[in-house]
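First comes one chain, alone, set out as structure tokens in the form predicted on its own.
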């Protein structure tokens, strides 16, 4: 299995100060930002992220939701001081960015005649949109399971509909759009009709990823998951996002992992706060941070 593009370390580590080209409100608490960042856009792959510096506030990791030509996009939920400051910015304002960073999704070789199952939950939807677009361009058939808490929090439903997906199944916790349930329930719905997938790629709340892993253990479908952890440096130096005894770092060896490599890790068990203190992961919690 190989990635489509090769990360150039010197490019990823070199910070860029660039203007915001466009800001679009996607949901009541999510905005999509488009930046002019050719060095990043030309080599970014789905699942990778950028460190985004908000002048006078903080630097935070952001998953890439699209990269095309000289432009790169990320979508961010307003959940804290840094993201609140980011939501106040407008086109023309400047941001600092470093990237692309980390390891993204790896697509199987020889896509002809093969299908992928992509599973997106709430705040984990942006990299899945990028993955769906790239997979279709590569030649895969693509099924997407898309979930959120309510219809107004569904991210990118229309962009997904505009892609040439084979199937799109939507689920909301309250049943206000699509079937009632989570994106894992939407994935189960798709698996009832077809279980011949070359791979499944997923991003979302950790409880959702744990439940998806349990579901897919009934099928011979390789699963890759994108993990979210508190990151400080973004390049593997500080060790804050280490998840196992082998020293795997979410920012460097991840954020995307083959779920088999996470067997003896913190996945589904522990996460860390800004001080490094560990907190248990609730596998039944399938909601994004609020």
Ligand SMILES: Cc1cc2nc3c(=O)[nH]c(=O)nc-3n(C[C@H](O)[C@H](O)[C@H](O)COP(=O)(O)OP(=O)(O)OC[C@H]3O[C@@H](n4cnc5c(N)ncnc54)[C@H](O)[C@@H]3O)c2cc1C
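Since the structure is predicted, the reported quantities are computational estimates derived from the model, not experimental observations. Positions refer to the first chain, counted from 1.
Quick note: we don't show the form predicted in complex with the named molecule, though the next part is all about it.
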Within 4.5 Å of the named molecule in the predicted complex, heavy atom basis, the matching stretch of 182-190, 216-224, 71-79, 131-139 is 71-79
Answer key, the named molecule contact in the predicted complex at 4.5 Å (heavy atoms) among 83, 211, 149, 157: the residue is 83
Assert contact residue (the named molecule, in the predicted complex, non-hydrogen atom within 4.5 Å, options 259, 43, 35, 231) equals 231
**Report entry** residue 26 within 4.5 Å of the named molecule in the predicted complex, heavy atoms
**Finding:** no
Report whether the minimum heavy atom distance between residue 61 and the named molecule in the predicted complex is within 4.5 Å.
yes
At 4.5 Å between heavy atoms, is residue 126 in contact with the named molecule in the predicted complex?
yes
When the named molecule is considered in the predicted complex, the residues of 254-279 having a heavy atom within 4.5 Å of it are 255
